[in-house]
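Take a look at this one chain, the form predicted alone, written out in structure tokens.
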């Protein structure tokens, strides 16, 4: 039993009961590893290695799932840089991905562009012309990086000027495939040539930026933009033949937008398989960690804030989307049932009750609406997956449990309960050999407690 109750401790009965219901289906899957369920597994994968989209999972993991079932169509409603649709395509399966972060879909479309119709020599000559353009002493102010407060001072002055030259050159390319691929090359090296490094939900800063920083980051000497671009272009040149062998012909569909608005536009029973990893309810803010990339792609401060609200709620800044969902869907049974599932899920409500009682002790009280908003929105997503999955179809979902103020919130069990209310059977909850430890702050107060890192396998009823 994972949840226990001692005198004067918060209630855990509902969570214990839910755990008992699923306990026989929870097991350690030795073939799963952190490398397999994270971006680490893509570090050497052609195309997928270009953009370090660390929130994704590996192509090898997708292959292992699809090798267990028969499928002709696949959906990933949180497709990131496109690993699942691209891998499905390489296996002869029609793939569709939905992604709200422009960085992810840019990466996916660049891989597709490289694999379909792009001539190797054309890319080589265009890329070398791009590199040559950086040797000019002239740059246009209109093409300078339009910084917002959280990106100010990210680059040395020379890099700022070189980025302006690169943007002007790429903007002038008329071939859409070449433009996509060269844009991706520029975007993918921004962190490398900057005084920043992605670290959880924030950017860390090297003091050479001139910014006041509490946690110091000491990067080695930064490469010039031309050096970093040349290395990335070299990787792309090496990968193009492999990508053309893997992905040529079958082009996945990549949809820009939120699953909360895009799933409803798809017809019933469209997909035999779903492979996905939604954002975790862990306060991670993609708009801050990918601020450099988003600003390069044209986002100003206001649009960045809008995007933060449009993302699946996972930060303390997200506001409730119930009214938005009602406007988007109307008072349809799917939405009404999703809201009821959330409001009546006893383990979730028990967790929220404990957090509300401990609100004065929380580092940020907004984790309470974060948790409630997250499950409300995921109830809508799971409801849509139930509608879109064919009879007998399969859903594989990678996700982590979370803990706030020492209270574990069993994301795996709550979402699996939603799934079973909607016509799925939770076949298994596979865990990694080693879970995720709590933060040092929580460890000091509540001791070391591991959280389950899981993959859920749900199967849709045959009829």
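The structure displayed is predicted, hence computed values, not measured ones. Positions refer to the first chain, counted from 1.
Omitted here: the form predicted together with a small molecule. The next part is about that form.
**Item:** Segment assignment from 408-416, 423-431, 53-61, 28-36: heavy atom within 4.5 Å of the small molecule in the model of the complex
**Value:** After filtering at 4.5 Å, what remains is 53-61.
**Prompt:** According to a 4.5 angstroms non-hydrogen atom cut-off, is residue 252 in contact with the small molecule in the model of the complex?
**Reply:** Although the small molecule is absent here, residue 252 would stay clear of it in the model of the complex, with no heavy atoms inside 4.5 Å.
**Request:** May I ask you to state whether residue 205 is within 4.5 Å of the small molecule in the model of the complex, using heavy atom distances?
**Result:** No, residue 205 sits far enough from the small molecule in the model of the complex that none of its heavy atoms falls within 4.5 Å.
**Prompt:** With the partner left out of view, is residue 299 within 4.5 angstroms of the small molecule in the model of the complex by any non-hydrogen atom?
**Reply:** Looking in the model of the complex, residue contacts with the small molecule do not include residue 299, since no heavy atom lies within 4.5 Å.
**Request:** Tell me, yes or no, whether residue 194 is in contact with the small molecule in the model of the complex, where a contact means a heavy atom of each within 4.5 Å.
**Result:** Contact check for residue 194: no, nothing within 4.5 Å of the small molecule in the model of the complex.
**Candidate spot 78, 259 and 279, all three touching the small molecule in the model of the complex (heavy atom, 4.5 Å)** = All three within 4.5 Å in the model of the complex.
**Request:** Go through 100, 226, 295, 233 and name the one with a heavy atom inside 4.5 Å of the small molecule in the model of the complex.
**Result:** Only one option qualifies, and that one is 100.
**Request:** Identify which of 182, 312, 115, 74 has a heavy atom within 4.5 Å of the small molecule in the model of the complex; exactly one of them does.
**Result:** After the contact test, the surviving option is 312.
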